[in-house]
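Here's a solo chain for you in structure tokens, the form predicted alone.
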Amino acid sequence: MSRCEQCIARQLNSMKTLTKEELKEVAACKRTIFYKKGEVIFGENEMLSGVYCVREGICKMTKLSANGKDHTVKLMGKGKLIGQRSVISDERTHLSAVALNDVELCYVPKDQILGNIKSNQEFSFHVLQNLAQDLREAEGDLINMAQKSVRQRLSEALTYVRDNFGETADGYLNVNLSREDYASIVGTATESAIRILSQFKKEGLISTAGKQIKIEKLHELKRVE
């Protein structure tokens, strides 16, 4: 079997619907690319010639704000496809992709992806479902920004990281985000994020060790107002 057929990451995205022959075609044309922490995979306003599948590591999708700061929009972990919307719509990227830690990506050329969409109905339907989910999540983010407090948004960011990326053997979040990252995710100033995290710590909801964060009282954290 090809490496694509054996790959666990593909079971987490639309490629799980491809046939064995289609997977062999993907395996024959894909490239494996490694990026170090902090390296830019692609920037805003670029035309992509293919889609990236996260095999190992985590990428963050960022948007440059009017004040020149990068706003972290979402985190993309194992199995996530990066750039598929821009490739399918044949539009320039509206976000940048940056390696949050050392990552291994599989790059699949645009022609292969579009060919599979045209020839495999199940694959194309699954891609549409993913795009619809992305839109729903974006709408949810807008609602959260308008209706929820910064404390609530920060508590949700912490639980999101836990639920999606897990914890270490010691109970700390697997992803070590900077305070600036948390601030940009919830849409507040870094100073506010630091202050609220300190409040969570005093309330016994979390504990910290340097940049590492451990959720001590998950249910109480989810009920933050």
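Quantities reported herein were computed from a predicted structural model and do not represent experimental measurements. Position 1 is the first residue in the sequence shown; the rest follow in order.
What comes next is about the form predicted together with the DNA, which does not appear here.
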Which residue among 130, 120, 149, 101 has a heavy atom within 4.5 angstroms of the DNA in the model of the complex? 149
Answer with one of 187, 171, 43, 50: the residue that has a non-hydrogen atom within 4.5 Å of the DNA in the model of the complex. 187
Taking 4.5 angstroms as the heavy atom distance cut-off, pick the stretch from 55-63, 26-34, 157-165, 189-197 that is near the DNA in the model of the complex. 189-197
Taking heavy atoms and a 4.5 Å cut-off, does residue 16 contact the DNA in the model of the complex? no
Non-hydrogen atom contact residue 211 with the DNA in the model of the complex at 4.5 angstroms: yes
Against the DNA in the model of the complex, would residue 201 count as a contact residue? Criterion: heavy atoms within 4.5 Å. yes
Can you tell me if residue 70 lies within 4.5 angstroms of the DNA in the model of the complex, counting non-hydrogen atoms only? no
